[in-house]
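Quick heads-up: it's one chain on its own, the form predicted alone, in structure tokens.
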């Protein structure tokens, strides 16, 4: 049975919506509370900074500056942070951070230095 114009238009609208909204996982993230944001920033400075440098300019791990993160997808970075990297010193942070918190943190790293 052929689709009516209304159904086709609705299907197209949904495809357009998902094409625009889904690639950006930041759009779906819940922002942590101000207190949790402070905790995450401290974790970034102290724990991540131990390998990525206290100014995040690199060390044992790569730099986490906006220009170094450019071109890397949020999904790749979220997975790396949560799951770690086998065969490297990068541990999984899943026990300490929720996915939405990592997405928020990436937004901070992509824009400003903490």
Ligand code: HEC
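Please read all numbers here as calculations on a predicted model, not as lab measurements. Residue numbers count along the first chain shown, from 1.
Omitted here: the form predicted together with the named molecule. The next part is about that form.
- The named molecule is not shown here, and in the predicted complex it never comes within 4.5 Å of any heavy atom of residue 30.
- Not displayed here, the named molecule is approached by residue 89 to within 4.5 Å at the level of heavy atoms in the predicted complex.
- With a 4.5 Å cutoff on heavy atoms, residue 105 counts as touching the named molecule in the predicted complex.
- Although the partner is absent here, residue 60 lies within 4.5 Å of the named molecule in the predicted complex, judged by heavy atoms.
- Shown without its partner, the chain has 60, 61, 62, 64, 69, 72, 77, 80, 81, 85, 88, 89, 90 in segment 58-90 as residues with a non-hydrogen atom within 4.5 angstroms of the named molecule in the predicted complex.
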